[in-house]
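What follows is one chain in structure tokens, specifically the form predicted on its own.
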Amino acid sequence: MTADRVPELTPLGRVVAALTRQTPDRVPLILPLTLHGGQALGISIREFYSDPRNVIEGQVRLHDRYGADAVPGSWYAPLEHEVWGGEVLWFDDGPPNAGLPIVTAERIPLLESPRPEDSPRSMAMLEAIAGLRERLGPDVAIIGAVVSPNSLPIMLMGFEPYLQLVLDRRPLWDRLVRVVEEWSVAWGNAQLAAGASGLVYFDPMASSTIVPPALYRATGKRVATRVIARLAGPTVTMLASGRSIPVIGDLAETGTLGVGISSLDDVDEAAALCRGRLAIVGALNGIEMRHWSAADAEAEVRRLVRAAGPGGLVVCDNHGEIPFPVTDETLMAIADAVRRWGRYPLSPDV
């Protein structure tokens, strides 16, 4: 080891250093392969999630294969819709989706929050998190997830009815999100208690791709500040591929440690806005990633490392879930490029 090298860190230590804007030994890598575990086991996505033991084995194999610094403990976003009583639609080549909406405006005054311990599906995911922690030990980051109370109602109500609530019926909106908040806090803390190292706070309704920043400040920002303060572990806010630059300053005030940068954002501008306030997580384009060669993958990693520079960067896709068709060759090329070009101090050739 040369004098200017940072001592080797554990995967978890590497992620913590980056999220707290310190300089780790190298840029940490997160590959949110929530769907690929079934491929590793030779079973369908639905069968993969039918048993926590499948998830544990599949994610351990993926971790051994690519050597990412964090393993996703979360399953699929519509699991939360499922816990509230909704249906999940399954597909052979892509992520599950939420079925028909289950909450109407008329139901909101009587709505009650479910509890994680009352749902077999949420308990199965908690069992998988605990199993991953046992298999991988204390040195690997395990990432849980919560869909923001500002965004989960999109699944529960449908997009248009929920937007109408946000825009025209703010007292009823406030009643809804207050009920959902109780679920989100309980669900996030249950994952942390089961062994998750931290949480992704998914909030696409925070993105200026969906709503004007002024509307987010009046709604979702207040929700995020309340929820994140009640969670017993660190969070990173992901906007599910949506643009982040117009709200980076607002996100920094919610208590989150990092922000998921979209491939639609200018990484140099985002890095300048985040510096000293938030870590950058992202911003590899998962959709384009399906068609990358190994050379493309290396070039994209180098571009991101070069732009985000010293500390405060976690290489990840820009959505929080890598698409099912992304190949092993591409995933391996991303992992190899991070290990080659992400070592601190950064090479002048990066």
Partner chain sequence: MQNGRGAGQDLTDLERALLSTDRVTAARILAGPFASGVVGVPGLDGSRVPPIPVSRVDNLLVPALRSIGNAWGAGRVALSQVYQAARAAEDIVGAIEAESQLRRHPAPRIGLATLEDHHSLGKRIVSMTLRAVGYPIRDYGAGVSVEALAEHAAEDELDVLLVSTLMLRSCMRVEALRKELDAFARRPRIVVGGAPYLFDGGLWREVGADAMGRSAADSIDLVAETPLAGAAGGTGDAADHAGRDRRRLA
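Note that this is a predicted model, so its numbers are computed, not measured. Numbering follows the first chain given and starts at 1.
The following text describes the form predicted in complex with its partner chain, which does not appear among the structures shown.
Asks: Identify whether its partner chain in the model of the complex is within 4.5 Å of every residue in the set 5, 74 and 139, based on non-hydrogen atoms.
Replies: Contact check failed for every one of 5, 74 and 139.
Asks: Applying a 4.5 Å heavy atom distance criterion, does residue 318 contact its partner chain in the model of the complex?
Replies: Residue 318: yes, in contact with its partner chain in the model of the complex.
Asks: Counting only non-hydrogen atoms and a 4.5 angstroms cut-off, does residue 119 reach its partner chain in the model of the complex?
Replies: Result no; residue 119 lies far from its partner chain in the model of the complex.
Asks: Taking heavy atoms and a 4.5 Å cut-off, does residue 208 contact its partner chain in the model of the complex?
Replies: Result yes; residue 208 sits at the interface with its partner chain in the model of the complex.
Asks: Residue-level question: is residue 106 within 4.5 Å of its partner chain in the model of the complex, judged on heavy atoms?
Replies: No.
Asks: Look at the stretches 131-139, 187-195, 236-244, 222-230 and give the one with heavy atoms within 4.5 Å of its partner chain in the model of the complex.
Replies: Stretch 236-244 is the one.
Asks: Only one of 267, 252, 143, 163 has a non-hydrogen atom within 4.5 angstroms of its partner chain in the model of the complex; which is it?
Replies: Partner contact (heavy atom, 4.5 Å) among the options: 163.
Asks: Considering non-hydrogen atoms and a 4.5 Å limit, which listed residue (291, 303, 65, 53) is close to its partner chain in the model of the complex?
Replies: Checking each option against its partner chain in the model of the complex, the one that comes within 4.5 Å is 291.
Asks: For the heavy atom contacts within 4.5 Å of its partner chain in the model of the complex, list the residues of 251-265 involved, in sequence order.
Replies: In sequence order, 262, 263, 264 come within 4.5 Å of the partner.
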